[in-house]
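First, one chain by itself: the form predicted on its own, in structure tokens.
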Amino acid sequence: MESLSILIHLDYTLMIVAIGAALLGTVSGALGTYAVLRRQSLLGDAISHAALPGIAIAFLLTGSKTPLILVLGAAIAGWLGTLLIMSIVRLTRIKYDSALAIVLSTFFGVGLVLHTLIQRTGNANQAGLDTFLFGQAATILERDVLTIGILGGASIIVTLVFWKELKLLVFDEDFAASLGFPTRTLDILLTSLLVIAIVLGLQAVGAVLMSAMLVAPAVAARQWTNRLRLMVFLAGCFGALAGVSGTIISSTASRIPTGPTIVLCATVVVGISIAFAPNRGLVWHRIRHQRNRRDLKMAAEAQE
């Protein structure tokens, strides 16, 4: 009976982690589509690193590790970091990639300094904050899954409400501005949605690897379709698949971290998509190339 109780507990824990990873993969994959199409894939990396000082400051101010408080601190810091990048690009001659690198390294450095100061305070409640740096998906609880579901679901709903506006912003920002759409406001809205998706995944995947969860499913989905609606759907499905498969694989062996395993599963999905997608896949491209060469050769022989 004791062994059965332990088994049931393990299965329940695995189910909670798998659900949380699936929700995270769905939200990050769907919202990451916009970052990939706008060629701002590294923005996710900057936001995830910029969120670290927000987590530290939220803990210093409240002394609490409540996920909602830490996520709120991370979101504010990530949002401010993104606005700083946009302001640097707009107000100076510094290019986007340079501004991205400056803000990323500065915010991440501040976060590490604050994290070190927290460790030196001797506050016993600070244990576990380093999970936001490297991630620890196995520690996801029901309340974390609920937070991911509510905030992530709200972000998806917002994208559906502003579907037409965000679509114009992604594909032709100048045309959207000529039609009178507030492109700067829409840009801030889209960035805020990306911030939410990233900070939700910090506990599971960590600041170091979270950008992969944002980009990999979208890159994989891009190989299969040219339609935005289908790409968003596929990216969400690929993200969920990576989350569930990574959780299951990491649970079958000891000492295999769940977050990095999820990222590796997402990378496998990208590799399969690049190789076997019907229109863009390398394998099918090679087959079509050989078929065209054979047809040309047969046509040349027929003319002779």
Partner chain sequence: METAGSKAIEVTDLTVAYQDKPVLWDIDLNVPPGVLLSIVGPNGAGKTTLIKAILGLVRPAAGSVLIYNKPYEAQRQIVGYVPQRGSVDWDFPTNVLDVVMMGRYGALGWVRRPGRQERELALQALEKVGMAVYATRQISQLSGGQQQRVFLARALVQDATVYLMDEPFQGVDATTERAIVTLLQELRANGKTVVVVHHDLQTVSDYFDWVMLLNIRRIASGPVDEVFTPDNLRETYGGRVAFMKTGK
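Numbering follows the first chain given and starts at 1. Just so you know, these numbers come straight off a predicted model, no measurement behind them.
The next section is about a form of this same protein that is not shown, the form predicted together with the partner chain.
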property: Interface segment, criterion being heavy atoms within 4.5 Å of the partner chain in the model of the complex, picked from 58-66, 239-247, 36-44, 22-30; result: 36-44
property: 4.5 Å heavy atom contact with the partner chain in the model of the complex for all of Leu70, Trp79 and Arg143; result: no
property: Contact of Leu179 with the partner chain in the model of the complex (heavy atom, 4.5 Å); result: yes
property: Close approach of Ile150 to the partner chain in the model of the complex, 4.5 Å, heavy atom; result: no
property: Close approach of Glu165 to the partner chain in the model of the complex, 4.5 Å, heavy atom; result: yes
property: Non-hydrogen atom contact Ala154 with the partner chain in the model of the complex at 4.5 angstroms; result: no
property: In the model of the complex, residues of 142-176 near the partner chain [heavy atom within 4.5 Å]; result: Leu160, Val161, Phe162, Trp163, Lys164, Glu165, Lys167, Leu168, Val170, Phe171, Asp172, Asp174, Phe175
